[in-house]
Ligand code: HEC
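Next comes just one chain, in structure tokens: the form predicted on its own.
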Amino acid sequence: MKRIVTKLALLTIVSCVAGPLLASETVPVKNCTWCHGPSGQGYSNAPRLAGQQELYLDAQLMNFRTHVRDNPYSRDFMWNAVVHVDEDMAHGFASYFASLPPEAANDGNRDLVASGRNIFEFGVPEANIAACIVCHGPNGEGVRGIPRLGGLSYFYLKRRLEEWAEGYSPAAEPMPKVARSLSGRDIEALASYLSFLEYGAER
């Protein structure tokens, strides 16, 4: 009996460790890593996918397919990339990248971190903007369909907020309304603060 329990324990450990490897065999993650990096940590124009919320990734792949996500980078790079991605494949991609350990981009302006943290934790009352922490969690980790923001690139976060303010992806409420109410300086500060969040703790 003890030998059986030991074998079961070993199988459990192996299956946990091999999870991402098995996922990479069942879905063509190589197609994604050309732009998003072999460990999902992103590049200058491609966001970090590692450690992102699985349900969020899944939903965004479908949003690319239906053109709900209509900002320029989505149109130029993702609309064609997901033409042959069905729901099962989207689940596989989302599961794989959600399982990878995230790393903070650390590319924001440290002089703006305190201001950005204040916006994240307390919002902007005079502009009627609620605290980001309410939806995205105390460490910017996100939950289910709400994305992880902690550790994402300053340039990506800044660009997304600016695009919402410009009217792209209007269905992604409340973000377009929030972005329109933020000043350029607020956006820079918020994106800077979030870029330094790693595993739920600011460096």
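Throughout, we count residues from 1 along the sequence that is shown. Nothing here was measured: the structure is a model prediction, and the numbers come from that model.
Another form, the form predicted in complex with the named molecule, is not on view; read the next lines as being about it.
Novice: Looking at L55, C32, A50, A165 here, can you tell me which has any non-hydrogen atom within 4.5 angstroms of the named molecule in the predicted bound form?
Specialist: Spelling it out, the residue with a heavy atom inside the cut-off is C32.
Novice: Is the gap between F77 and the named molecule in the predicted bound form 4.5 Å or less for some heavy atom pair?
Specialist: Yes, F77 is a contact residue.
Novice: Contact between S39 and the named molecule in the predicted bound form at 4.5 Å, heavy atoms?
Specialist: Looking in the predicted bound form, residue contacts with the named molecule do not include S39, since no heavy atom lies within 4.5 Å.
Novice: Considering non-hydrogen atoms and a 4.5 Å limit, does the named molecule approach P138 in the predicted bound form?
Specialist: P138: no, not in contact with the named molecule in the predicted bound form.
Novice: So in the predicted bound form, does P147 come within 4.5 Å of the named molecule, heavy atom to heavy atom?
Specialist: Contact with the named molecule, yes.
Novice: Going through 154-183 from first to last, which residues have a non-hydrogen atom within 4.5 Å of the named molecule in the predicted bound form?
Specialist: Going through 154-183 in order - heavy atoms within 4.5 Å of the named molecule in the predicted bound form - the hits are Y156, L157, R159, R160, L161, W164, A172, E173, P174, M175, V178, L182.
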